[in-house]
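Read the single chain below, which is given as structure tokens and is the form predicted on its own.
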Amino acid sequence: MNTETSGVAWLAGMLQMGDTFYPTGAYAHSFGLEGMIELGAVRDRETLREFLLRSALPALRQAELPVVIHAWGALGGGRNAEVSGDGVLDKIKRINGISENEDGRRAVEWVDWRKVGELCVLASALKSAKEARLAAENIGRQRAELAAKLRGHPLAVEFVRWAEAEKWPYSPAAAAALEARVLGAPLEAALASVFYASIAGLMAAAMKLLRLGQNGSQTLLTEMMGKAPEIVAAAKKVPVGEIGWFNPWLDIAAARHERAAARLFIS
């Protein structure tokens, strides 16, 4: 496959995996936004904008995107040290190929499965609200299992096997890194995909919870997309030991939302 056609292939694959038609179940969650609206912290377009700037973007910069970056490195073997800069190359194990497919065999040859597992555990631990944590695990599981089922790629099959054997909590961020590796997409594509899906998902939920016009929503989404380069650049500088973001207001709102008498979204 030449460079041009391979680029089209991974781009088409990532569009499929990022589409709302793709059955990850993400559409059923507001990721704490409905709880913030119930508390009155988010009331309209302006307060939603503040929520995105002060909570959603920092969470992407300090937690979700760094997990993608380090997982992508751990799943990619020799390129890991270039990404993380933390000497993880010394820890890499050699895993025997499980397929005759040469691309797939090479993909699983040098994977730091221990680090992949640690990142999955870390990503889950960062979700302090129970329902948000379970939602993330379900979405991450669905994405990883679909990557294995639909693509049949040895790396995805091996990922699921390790997760089940070691009882890792599945992580959407780690699953996004896995999808990019399976498709042969560059790291920047995985980061852009996660960035867009996170903000667009919140905007889609906000459209059902607040009085937001289509144009007002799209201008806000466009403003947030314009911040993607700086957020991604900052996320690349976050070492594993500094991954994390904590918004107690959001976590409390999400925990209260779990027991709400009536609600539109699961979490």
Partner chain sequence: MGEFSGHLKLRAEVRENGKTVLAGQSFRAPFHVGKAYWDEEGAALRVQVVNPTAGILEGDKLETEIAVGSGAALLVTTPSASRVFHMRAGEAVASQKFSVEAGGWLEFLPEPLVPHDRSSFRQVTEIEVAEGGEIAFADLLMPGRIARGEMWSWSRLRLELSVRVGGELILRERLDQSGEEMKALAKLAGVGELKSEEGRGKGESGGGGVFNREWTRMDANAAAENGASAESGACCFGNVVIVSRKLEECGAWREWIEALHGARAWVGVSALRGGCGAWSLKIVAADGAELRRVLGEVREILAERLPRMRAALRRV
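Residue numbers count along the first chain shown, from 1. Bear in mind the structure is a predicted one, so any value in this text is a computation, not a measurement.
Heads up, the form predicted in complex with its partner chain isn't pictured, but that's what we're talking about next.
Of the candidate stretches 228-236, 35-43, 197-205, 215-223, only 35-43 has residues whose heavy atoms lie within 4.5 Å of its partner chain in the predicted bound form. The partner is absent here; in the predicted bound form, the one residue of Leu187, Ile139, Val160, Leu122 having a heavy atom within 4.5 Å of its partner chain is Leu122. The three marked residues, Gln62, Ala129 and Gly241, each reach its partner chain in the predicted bound form, with a heavy atom inside 4.5 Å. Ile252 belongs to the set of residues with a heavy atom inside 4.5 Å of its partner chain in the predicted bound form.
Residue contact check for Gly76: none of its heavy atoms lie within 4.5 Å of its partner chain in the predicted bound form.
Residue contact check for Asn247: one or more of its heavy atoms lie within 4.5 Å of its partner chain in the predicted bound form.
At the 4.5 Å threshold, heavy atoms of Arg133 reach its partner chain in the predicted bound form.
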